[in-house]
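Quick setup: one chain, the form predicted alone, written in structure tokens, and binding and motion questions come after.
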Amino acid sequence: MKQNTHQQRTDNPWLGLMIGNSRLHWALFVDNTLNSAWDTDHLSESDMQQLAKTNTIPLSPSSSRPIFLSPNLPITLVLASVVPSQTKLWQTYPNVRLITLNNIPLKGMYPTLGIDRAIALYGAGKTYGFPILVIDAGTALTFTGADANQCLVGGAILPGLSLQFTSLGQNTGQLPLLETRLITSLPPRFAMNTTEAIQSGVIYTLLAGIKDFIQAWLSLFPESKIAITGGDGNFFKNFLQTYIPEITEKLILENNLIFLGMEKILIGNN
């Protein structure tokens, strides 16, 4: 009888969970293929107690399509976190695999490197090739790069778009609190009202900073790929296309970069 040499599909599902500063980022994998991704709010201790009773994780607070967790054979939860208080809530989950810097095969990492930055960098490099620069446009805007030998070159961290708007709105007496989602086009550079003046100051400064970091990186690694991710990744890629189109030719938008990194790490450690 002829032996079947094709790898048999196992359809083993697992959940990826990245606990970010603002939200929980989820992904469902089936046979190590990303099936779906979504975000929820941070969970409280009472939420976790309810989760233990019902064995479900809701896709959103109002979702009618929860993911069911079997009490007898809990689905594997691959977890990474930048919020220690949220991490503790998941320590009692029966089948959790916590990713730390020790699990990531990058060279030259320093002890306080953010796990989200490290996972995204490794995922980008393994997916698109090293050297690689990752721009993560989330609560913080971060730049993280590695060379052709998978060695960390370094990076930078600054307040992200929403955080800058929030800082101005909450820490001044006269300036309004703006929402990123309401901005659909580049504001005028020299604005004639307060709202657009804030948009101009924050957005053009961030775009100029992104441009400068990209140019500095490409001066070191001219053939490098550049991946952009995070909640505001699409926002910045679109605006960079208008502002400096020659740079966006090098940009790869991948909203699920951290989960691609989790998948690469999980496969490598099995």
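Counting begins at 1, following the sequence as shown. Note that this is a predicted model, so its numbers are computed, not measured.
What comes next is about the form predicted in complex with a small molecule, which does not appear here.
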Checklist entry - Should R23 be classed as touching the small molecule in the predicted complex when contacts are defined as heavy atoms within 4.5 Å? => result yes
Checklist entry - Is there a non-hydrogen atom of G201 within 4.5 angstroms of a non-hydrogen atom of the small molecule in the predicted complex? => result no
Checklist entry - Does N103 reach the small molecule in the predicted complex if we count a contact as any heavy atom within 4.5 Å? => result no
Next on the checklist: Even though the partner isn't displayed, in the predicted complex is A137 close enough to the small molecule, meaning a heavy atom within 4.5 Å?
Outcome noted: yes
Next on the checklist: Given a 4.5 Å cut-off on heavy atoms, tell me which of 226-234, 43-51, 208-216, 28-36 is the interface stretch with the small molecule in the predicted complex.
Outcome noted: 226-234
Item to check | Contact residue in the predicted complex, from Q150, T127, Q86, S162 (heavy atom within 4.5 Å of the small molecule) | outcome: S162
